[in-house]
Ligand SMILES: Nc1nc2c(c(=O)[nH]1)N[C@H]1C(S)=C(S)[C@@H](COP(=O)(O)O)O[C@H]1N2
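We begin with a single chain expressed as structure tokens, specifically the form predicted on its own.
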Amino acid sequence: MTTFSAGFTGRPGRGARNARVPPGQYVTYDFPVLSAGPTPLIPLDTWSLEVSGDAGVVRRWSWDEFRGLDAEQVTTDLHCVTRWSKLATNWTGVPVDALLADVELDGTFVIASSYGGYTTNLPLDDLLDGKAWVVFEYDGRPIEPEHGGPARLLVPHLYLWKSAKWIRDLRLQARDAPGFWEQLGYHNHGDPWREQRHWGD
């Protein structure tokens, strides 16, 4: 069941349209919490991030190993399929490019899997060339569990459901396969500028 934060008070703004806001969106100053189920609590001493493919797991990082990777500061706008946008959010994380460096890429699609069982599918091209990160801080602090901590995928050029919370695995595969929301009617790609919210959009 989808849950919403009790403090979600965003409302459509009035006045001139902001060029940074895709069609059909409005700006909120809250940070709404929308999840497909309960929030998993993952102890850092058992957390790991994997890159896998048809041959199995090809890379794995413990929390300490992951935090030892070179991280970047990212300032970006977020756009949720439920029509809110939050501008100029600040994150710290590791580029997906770095996670896939020196990995033999045996697929053109990725299934991002989360602790708790959530999945979402993305073309590999949407994760490379500085388009995506695995982030662990928001506004200079560890990401709260309800927002996907200890680490989540961040793919800000797509609707936010593609930025899987509680990320556990990036699986490369030759064929695309719909994830959790995609199987329930959400668009397979999710480009906010093209209003790709649902099947047929």
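Remember, predicted model here, so these are calculated numbers, not experimental data. Residue numbers here begin at 1 and follow the sequence given.
Omitted from view is the form predicted together with the ligand, to which the following refers.
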Original post:
in the model of the complex, does residue 44 have a heavy atom within 4.5 Å of the ligand?
Top reply: no
Original post:
Should residue 142 be classed as touching the ligand in the model of the complex when contacts are defined as heavy atoms within 4.5 Å?
Top reply: no
Original post:
With the partner left out of view, is residue 147 within 4.5 angstroms of the ligand in the model of the complex by any non-hydrogen atom?
Top reply: yes
Original post:
Just to confirm, residue 63 within 4.5 Å of the ligand in the model of the complex by heavy atoms?
Top reply: no
**OP:** Would you point out which of 33-41, 171-179, 65-73, 46-54 contains residues with a non-hydrogen atom within 4.5 Å of the ligand in the model of the complex?
**Re:** 33-41
**OP:** Counting non-hydrogen atoms within 4.5 angstroms of the ligand in the model of the complex, say which of 80, 105, 87, 98 makes the cut.
**Re:** 80
**OP:** Heavy atoms within 4.5 Å of the ligand in the model of the complex is the criterion; list the residues of 153-169 that meet it.
**Re:** 160, 161, 163, 164, 165, 166
